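Here you get one chain, nothing else, as structure tokens; it is the form predicted on its own.
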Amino acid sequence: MNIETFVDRSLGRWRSQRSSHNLAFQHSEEVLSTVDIVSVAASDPSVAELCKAQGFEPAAAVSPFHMAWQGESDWDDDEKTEGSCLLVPIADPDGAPNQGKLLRSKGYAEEMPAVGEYRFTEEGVFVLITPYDRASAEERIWFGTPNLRFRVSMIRTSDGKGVVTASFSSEIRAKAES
């Protein structure tokens, strides 16, 4: 698996069911959401802007994409979660096809721009580790079938020794409307 194939397989609308456990507060939450993943042209000005802001050459961008989500939690019936971010994979400078950097216009663990490191395992699992100011996030995403994705996420303490939250998501591609 390489980043181009992974992004291409991820494009579309996904229905996501996430079970999240906050270990610090001993609280669990179920979230149902819709996730839209669309390709963004490498020549899009927002790609160049994000690359330059993070100290990367825009020419190194590979398969940029935009992700938007809307969801509902069982924790608070009145609260709807929603957001979006631009994600720009950066090719490994040594040419390794199964690893590189991932720039995010908004982070997963903290709402700030972030730079993570990704790699693919031999089994084709996408592994992303992103350090933040007060924490770090580790995500693993893999495909059960072309229309079924699984995602495991952990938010760790800034020293990496403790796990604050852990979640599991199953994501099913929504059928195209005719």
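Residue indices: 1-based, along the sequence shown. The structure displayed is predicted, hence computed values, not measured ones.
Form predicted in complex with a further copy of the same chain: not shown, discussed below.
- Contact with a further copy of the same chain in the model of the complex holds for all three of 123, 152 and 168, each having a heavy atom within 4.5 Å.
- Residue in contact with a further copy of the same chain in the model of the complex (any heavy atom within 4.5 Å), chosen from 46, 28, 70, 39: 28.
- Remark: residue 53 does not count among the residues lining a further copy of the same chain in the model of the complex, judged by a heavy atom distance of 4.5 Å or less.
- Taking the partner from elsewhere, residue 174 is found to have every heavy atom lying beyond 4.5 Å of a further copy of the same chain in the model of the complex.
- The shortest heavy atom separation between residue 119 and a further copy of the same chain in the model of the complex is within 4.5 Å.
- When contacts are judged by a 4.5 Å heavy atom cut-off, residue 113 does not count as touching a further copy of the same chain in the model of the complex.
- Along 123-157, these residues reach a heavy atom to within 4.5 Å of a further copy of the same chain in the model of the complex: 123, 125, 127, 140, 142, 144, 145, 148, 150, 152, 154, 156.
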